[in-house]
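So this first bit is one chain, no partners, the form predicted on its own, shown in structure tokens.
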Amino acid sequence: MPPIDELTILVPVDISVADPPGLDIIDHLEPLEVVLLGYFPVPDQAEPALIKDEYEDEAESRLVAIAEGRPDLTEVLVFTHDREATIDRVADQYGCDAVLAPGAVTDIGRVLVPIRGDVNLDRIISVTARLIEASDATVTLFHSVSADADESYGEFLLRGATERLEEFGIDEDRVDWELSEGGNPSQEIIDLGNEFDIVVLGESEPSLVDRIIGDVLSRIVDDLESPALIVRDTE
């Protein structure tokens, strides 16, 4: 898979809260294309149209405040019963390559890319290459060997991913890799990820076909303090 020419990232934000999370990371993603999704959760027993009538002006004001000074953002406001389904739909509608879970960061200098297998790997590496091309960041590829897995397979994955990044023109001095035998990949990703400025994760679990952010990724993303970029598997 060649490098992605125009990387488009979806940034979902709960616009129902008075103080949405800081989104300074958006400024560090330029010149990437950013679709800002302001979603307003609607309780199951409520009609979205009624909630929209009551809160639309307030929600639009918050969305505009986030987008202020960022004229290249595409803004989308949705009142929804189902956050995950809305993220999936808008990501499809705007052809987004990845979904960003925001977090506190002042710069993108170090990028962690956990490699869990070969599913969606080409796209993860392609998105990573495009991301670090737009910055001076270095990237660490990481694989944790499960208790019943072959360590040599993890090394094979990491060496292959390193070579692919170099084929995309990323200097070898900006890429390293780490192989762990800790046996608890999810917890290791969380622990290590909090030492980095952003974590690139793949939508690679079979159960995630219908959801970009499923149970496994949700647990990791929720426990990460760093922003997480979830690369979509669109094949």
Partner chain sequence: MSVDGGELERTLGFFEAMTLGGGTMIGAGIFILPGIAARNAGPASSISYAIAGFVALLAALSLSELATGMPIAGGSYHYVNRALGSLFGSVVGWGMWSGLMFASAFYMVGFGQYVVEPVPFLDGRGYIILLGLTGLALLTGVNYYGTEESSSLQNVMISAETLVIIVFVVLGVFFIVPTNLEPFAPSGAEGVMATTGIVFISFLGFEIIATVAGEIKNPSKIIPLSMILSVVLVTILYVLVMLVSTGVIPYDRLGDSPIPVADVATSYMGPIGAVSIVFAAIIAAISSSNSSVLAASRVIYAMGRDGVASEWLNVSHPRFYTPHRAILTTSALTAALILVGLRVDAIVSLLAEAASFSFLVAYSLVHVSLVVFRRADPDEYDPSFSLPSPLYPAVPILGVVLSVVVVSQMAPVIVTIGTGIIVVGVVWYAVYARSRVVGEGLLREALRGPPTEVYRVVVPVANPETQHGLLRLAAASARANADAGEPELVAVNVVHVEHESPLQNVEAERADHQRELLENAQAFADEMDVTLRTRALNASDAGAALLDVIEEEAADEVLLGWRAEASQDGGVASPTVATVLENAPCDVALVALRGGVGTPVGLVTPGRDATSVARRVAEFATVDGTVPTLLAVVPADGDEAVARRRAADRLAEAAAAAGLDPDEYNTEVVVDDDVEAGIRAALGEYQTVCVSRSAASESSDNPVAHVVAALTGTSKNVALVRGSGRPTPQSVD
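Residue numbers count along the first chain shown, from 1. Quick caveat: nothing in here was measured; it's all calculated off a predicted structure.
One more form of this protein should be noted, the form predicted together with its partner chain, which is absent from this view; the next part is about it.
A single residue from the set Thr162, Asn120, Thr86, Thr138 has any heavy atom within 4.5 angstroms of its partner chain in the predicted complex; that residue is Thr86. Only one of Glu47, Asp27, Glu181, Glu166 lies close to its partner chain in the predicted complex, with a heavy atom inside 4.5 Å, and it is Glu47. Of the candidate stretches 181-189, 194-202, 166-174, 52-60, only 52-60 contains residues with a heavy atom within 4.5 Å of its partner chain in the predicted complex. Taking the partner from the other structure, its partner chain in the predicted complex has no heavy atom within 4.5 Å of any heavy atom of Gly69. Contact check for Thr80: a heavy atom falls within 4.5 Å of its partner chain in the predicted complex. Taking the partner from elsewhere, Leu32 is found to have every heavy atom lying beyond 4.5 Å of its partner chain in the predicted complex. Interface residue remark: Val76 is counted as part of the site for its partner chain in the predicted complex, having a heavy atom within 4.5 Å.
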